[in-house]
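One chain follows as structure tokens, the form predicted alone.
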Amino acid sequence: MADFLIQVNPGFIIILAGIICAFVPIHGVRKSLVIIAPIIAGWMIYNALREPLAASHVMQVGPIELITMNFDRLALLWGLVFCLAGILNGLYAFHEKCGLTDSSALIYMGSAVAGVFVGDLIMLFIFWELAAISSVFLIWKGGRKAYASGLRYLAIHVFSGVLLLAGAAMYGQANGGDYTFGLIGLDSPGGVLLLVAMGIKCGFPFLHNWMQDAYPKASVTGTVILSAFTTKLAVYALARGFAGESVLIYIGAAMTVFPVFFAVIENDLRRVLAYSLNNQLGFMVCGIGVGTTMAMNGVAGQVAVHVIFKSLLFMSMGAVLYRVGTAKASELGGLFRSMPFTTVFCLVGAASIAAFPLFAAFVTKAMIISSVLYEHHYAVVLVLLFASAGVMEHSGIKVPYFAFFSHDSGKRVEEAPWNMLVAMGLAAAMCIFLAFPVYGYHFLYSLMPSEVTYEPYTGNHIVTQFQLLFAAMFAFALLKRLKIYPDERRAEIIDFDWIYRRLGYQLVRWTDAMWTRLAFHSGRVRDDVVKHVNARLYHVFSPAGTFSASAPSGLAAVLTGSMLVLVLIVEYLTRL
């Protein structure tokens, strides 16, 4: 039994449950599968943890070795937190009666888990694409307005998969047919393609807009599921393949900063959280670029807590959308009166993402910033501190303030359904437990890739963090008091995607115009050539043409008779 547990990829179990779910018409049975499947997968991962050495399982396909199961300490935390997110998502969506959503969610979740535990680039590509294809249905479930966003989401993720496959092929050929997924680096063209492919899913600058485009348009439950898996699978791939690549330090720093400015002026609170997601990914990418033991531990820990508190924030805004029908800040406010539990859970998520002491990110984010400081990237440290204050402003203050407090919108609704409250309550409890000074964060540290010696609860760290957080709160209060803070208004914020959408539109128009002109001119040339050839033929062969004018009128009969004589002579000679 133990051998089976360490040889079967736990993601396969979840994918199988998703396929079965597609053919089960009974709501209760489907929902049970959605919750039980990640529990079984998590139990398999926990049992594999007891093995003293890394476990792997290889399948030979022709000349290529496919590593379907590769268990090590780096994959451990990702696998466990993915299963945990699956359980929370199953509870949160328990009221939803859609077999397609249940099946898609399981296959998507299983693809992410399976992608973490594979050991070669070919298997990674398979689950990379399966995750993209299965998740798009969660976006389309958002309604008619989500259809175009889903198509754009699918196109860019399929393109990411194409780059991943091309990079894997080039990398494998350069390494004698070895496609093992380990440290890749940027020394070869294949490595560069692989980095770009992973960067698309991770939301690198100028490649990030698919998150802000698709996530807010997905269904209430779909956004929660989407926030947990795609980008974190990309972070895992970067951590395994490109740890220590210094270029990622600066890419990650840029990722932490630019979303702050968009989130401040954005009206759709789910879109604000999508920008916040991009900001948090920047911290992880920056830590991967540093690549030291402390940095990689910080990245793994930040992934774990981020999946929980970001899911919690999306859950709270999803509950608001479910009850009120909108997540626009300009149309909300005063909801703490009718949704008190959701308000409290949202505040816990806000405190966690802002890294308040005793809340989740406090024990992980500082490890990343400290590792950057220890490598003497002082300018990057200042950028990360500014970005941390920005997180406090838009996710720690703006989201709960405009949704539940601010001006009273007059909306009086029911509290979120019981299953949503249970899911949010569990996520909130874990946000506190994983930062608890006595045992909680030690448990989290025990699951990290390497031994952790970092102590988060020091006087210096606590004082510095409070200074940063209270400075952000003071700035928000002052700007609101002076009426300088951007008004929440019904408007669409233009991001970088406007540039390539506009350029793409102009390119299509230019191509169409050039094709029309080419067709027109080629048609004219063709017509002129045909006209000229016809004229020449008529000039030569017509009754009044050159050929008739220079030959007797009976020439045609003479030539025909000569050909007949020639045929008779040949026939006679062949019979001799």
Partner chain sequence: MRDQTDISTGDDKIHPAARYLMWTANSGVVRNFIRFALGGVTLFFLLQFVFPFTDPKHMAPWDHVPGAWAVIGFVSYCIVVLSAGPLFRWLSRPEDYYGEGGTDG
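Numbering follows the first chain given and starts at 1. Owing to the predicted nature of the structure, the values given are computational and were not obtained by experimental measurement.
A second form of this protein, the form predicted in complex with its partner chain, is not displayed here; the remarks below concern that form.
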### Query
its partner chain in the predicted complex: within 4.5 Å of a heavy atom of each of 268, 328 and 467?
yes
#### Entry: Among the candidates 254, 373, 165, 426, the residue which, in the predicted complex, approaches its partner chain to within 4.5 Å (heavy atoms)
373
### Query
Only one of 432, 475, 200, 154 has a non-hydrogen atom within 4.5 angstroms of its partner chain in the predicted complex; which is it?
475
### Task
Considering its partner chain in the predicted complex, find the one stretch among 174-182, 385-393, 110-118, 306-314 with heavy atoms no farther than 4.5 Å from it.
385-393
### Task
Verify the contact flag for residue 484: yes if a non-hydrogen atom of it lies within 4.5 Å of a non-hydrogen atom of its partner chain in the predicted complex, no if not.
yes
### Query
Is there any non-hydrogen atom of residue 264 lying within 4.5 Å of its partner chain in the predicted complex?
yes
### Query
With the partner left out of view, is residue 471 within 4.5 angstroms of its partner chain in the predicted complex by any non-hydrogen atom?
yes
### Task
Answer with yes or no whether residue 235 is in contact with its partner chain in the predicted complex, where contact means some heavy atom within 4.5 Å.
no
### Task
Give, in sequence order, every residue of 290-327 that has a heavy atom within 4.5 Å of its partner chain in the predicted complex, or say none if there are no such residues.
321, 322, 323, 324, 325, 326, 327
